[in-house]
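For reference, the chain that follows is the form predicted alone, supplied as structure tokens.
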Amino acid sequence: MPNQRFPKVQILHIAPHEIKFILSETDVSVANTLRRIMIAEVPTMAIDLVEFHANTTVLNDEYIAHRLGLIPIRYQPPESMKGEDCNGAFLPHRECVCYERCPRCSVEFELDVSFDEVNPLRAEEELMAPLTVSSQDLKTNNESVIPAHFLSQDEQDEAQDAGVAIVKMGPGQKLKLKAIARMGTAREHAKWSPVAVATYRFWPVITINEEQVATLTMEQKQELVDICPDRILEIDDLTGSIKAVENAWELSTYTEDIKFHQDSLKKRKEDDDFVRIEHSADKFIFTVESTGVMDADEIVMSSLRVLKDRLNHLAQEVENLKDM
């Protein structure tokens, strides 16, 4: 029977749109499972149906519907300041018992913008410019479900538009529609994926053979340090030996430049390497960036919930087979 493991998580950096953490004391199968769940199994809200009432813009209905589907839709309860898991608040529309749609499985957005009505209200210097219809123009019937106009405050400060741009319109043009947002997962369509980036790297294990390094001259040591493009090595000012820099785990890309060069420094080919860089089999550096639908830490917590539910379901099915 395999040894029981107790995975640990160490947070390196956390922000509403990004989280970096170390997952240790587990193996690559668990790390990859967690990554795949974050990409495709965490449920979110996304616009899934669009009813057009008027569209005289330069883009056809299908193009605008596609753009609406890619706008991040954020579930943010009134008492919370962060995007949260919508799993308990809504039902998947295929599981709901309603005839077509209801507040339990969907949220309605309305958009009604006419250039001729809005233009007189704009600043004088903008009167001759096209009008940008953005996610700010979507009006929701559920205050807890809103478009994520910007990923972060920095993005909002640098943006030229009021939100995610949908279409630009000119004189005489109008856009009126109703959009229906539903809960789903990226297994069905990528628009439901909560992450822009969900990846992990192996923790580097850097081993320096002090006995071998002692046979090198100072010039050869400096060559070994300089040849590594990752700049993960340095010379100790006190001992004159080679050591790894403090943030080597963050810089290392497992380049082979250093291996090829140190082979040329060996007196014999069979001699041990001066520096060996290997990946850890039980420690991983995760980077997760949100699309805006949920805060990054909520994505991680939701993925763990999904994994737990799947394992509980598997355990129950195994028990059912035993009873047969």
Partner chain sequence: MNAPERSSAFLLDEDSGEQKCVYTADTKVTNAGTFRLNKEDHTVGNLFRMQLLRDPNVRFAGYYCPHPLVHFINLKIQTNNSTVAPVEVLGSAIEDLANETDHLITQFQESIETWKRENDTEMTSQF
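Note that the structure is a prediction, hence the values are computed from the model and not measured. Residue numbers count along the first chain shown, from 1.
A second form of this protein, the form predicted together with the partner chain, is not displayed here; the remarks below concern that form.
- prompt: Looking at 273, 289, 282, 41, which has any heavy atom no more than 4.5 Å from the partner chain in the model of the complex?
  reply: Only one listed residue qualifies here, and that residue is 41.
field: Listed residue (222, 153, 253, 215) with a non-hydrogen atom within 4.5 angstroms of the partner chain in the model of the complex
entry: Flagged contact: 153.
query: Is there a non-hydrogen atom of residue 114 within 4.5 angstroms of a non-hydrogen atom of the partner chain in the model of the complex?
result: Output for residue 114 is no: heavy atoms all beyond 4.5 Å of the partner chain.
task: Could you confirm whether residue 30 comes within 4.5 Å of the partner chain in the model of the complex, counting heavy atoms only?
output: Close contact exists here: in the model of the complex, residue 30 approaches the partner chain to within 4.5 Å, heavy atoms only.
message: Contact with the partner chain in the model of the complex for residue 246, defined as at least one heavy atom pair within 4.5 Å: yes or no?
response: Outside the cut-off, so no.
field: residue 26 within 4.5 Å of the partner chain in the model of the complex, heavy atoms
entry: Heavy-atom contact with the partner chain at 4.5 Å: present for residue 26.
task: Could you tell me if all three of 60, 128 and 178 have a heavy atom no more than 4.5 Å from the partner chain in the model of the complex?
output: Heavy-atom distance to the partner chain in the model of the complex: none of the three under 4.5 Å.
query: Of these, 102-110, 153-161, 115-123, 236-244, which stretch puts a heavy atom within 4.5 angstroms of the partner chain in the model of the complex?
result: In the other structure, the partner sits against 153-161.
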